[in-house]
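Coming up is one lone chain in structure tokens, specifically the form predicted alone.
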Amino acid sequence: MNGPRVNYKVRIRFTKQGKIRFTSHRDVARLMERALRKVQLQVAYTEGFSPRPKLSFGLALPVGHESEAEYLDVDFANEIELEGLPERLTAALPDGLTVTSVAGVAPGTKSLQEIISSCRWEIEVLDGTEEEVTHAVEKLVASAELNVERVRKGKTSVVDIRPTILKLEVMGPTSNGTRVVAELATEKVSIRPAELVAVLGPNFSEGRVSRTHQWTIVDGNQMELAV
């Protein structure tokens, strides 16, 4: 008689930069699965008629955006050696995907999507002067509410997205536009960088975008995910 299955969970932090930013979230998942096979790690699988490797990603990154802080939890069928694992996985991945750190995850830890409370973004705003972008940012920050229409399952509703914008600041010019840093909440109501640029002004457009941090709340304090 077989004993209970024992899985060992590892959290992987990686970057997504350069041309591979145009690769979809689903395709990145496939690339990660392939890399794990290449380095000959025994990933645990789900049960049932169509077993799938136990990979659990954090919040999906929009196609075309870069990131310095992406996360993936992997369940392994046996205990693995973590030392040197970032370098081994990076060597098995295409250019632009770089594993920066790994760490064990304690049993019973909540999923990535449950614990991420906000993300920090660097957003390039195009089609406006720095003065125009600064004025738009100041106006938005000073507003008490920001109602937008959203359509879900064919029904239109009005949502106040102002509480989602935790921080918003102009950092200066880029070669093509103006760099804005935003911290956007991910719980309950959320907003994507493209939607933020749209509410700043109808004439603005989105340039290069990078997610630099994903935050969680521990004992009332904001901190990066532990990896």
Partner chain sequence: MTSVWSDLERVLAQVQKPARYIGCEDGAKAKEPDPSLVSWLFTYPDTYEVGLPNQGLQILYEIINERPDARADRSYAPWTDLEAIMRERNIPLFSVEHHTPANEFDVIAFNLSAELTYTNMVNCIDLAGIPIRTADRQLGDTLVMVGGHCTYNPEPVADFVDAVVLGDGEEVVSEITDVLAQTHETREALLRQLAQIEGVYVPSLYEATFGADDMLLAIKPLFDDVPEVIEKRTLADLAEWPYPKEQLVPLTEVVHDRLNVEVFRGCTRGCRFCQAGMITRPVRERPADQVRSMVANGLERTGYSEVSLTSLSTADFSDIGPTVTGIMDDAQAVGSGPVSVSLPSLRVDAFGVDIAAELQRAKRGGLTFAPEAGTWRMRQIINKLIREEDLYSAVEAAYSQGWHRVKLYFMIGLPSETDEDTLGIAELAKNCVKIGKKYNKRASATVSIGGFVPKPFTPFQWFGQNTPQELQRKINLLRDATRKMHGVNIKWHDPKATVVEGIMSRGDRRLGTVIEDVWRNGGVFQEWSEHFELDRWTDAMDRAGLSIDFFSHRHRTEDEVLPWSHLSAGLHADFLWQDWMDALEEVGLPDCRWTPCYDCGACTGYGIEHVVASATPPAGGSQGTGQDLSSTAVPVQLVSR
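In this text, all values refer to a predicted model and were calculated from it rather than measured experimentally. Numbering follows the first chain given and starts at 1.
This next part talks about the form predicted in complex with the partner chain, which is not shown.
Checking E187, E47, D160, D27 against the partner chain in the model of the complex, a heavy atom within 4.5 Å turns up for just one residue: D27. Contact check for G172: every heavy atom lies farther than 4.5 Å from the partner chain in the model of the complex. Using a 4.5 Å cutoff between non-hydrogen atoms, I20 counts as a contact of the partner chain in the model of the complex. Though the partner is left out of this view, K9 does not reach within 4.5 Å of the partner chain in the model of the complex, counting heavy atoms only.
Taking the partner from the other structure, the partner chain in the model of the complex has a heavy atom within 4.5 Å of a heavy atom of V63. Of the candidate stretches 194-202, 177-185, 162-170, 32-40, only 32-40 has residues with heavy atoms within 4.5 Å of the partner chain in the model of the complex. When contacts are defined as a non-hydrogen atom within 4.5 Å, all of P51, P94 and R208 contact the partner chain in the model of the complex.
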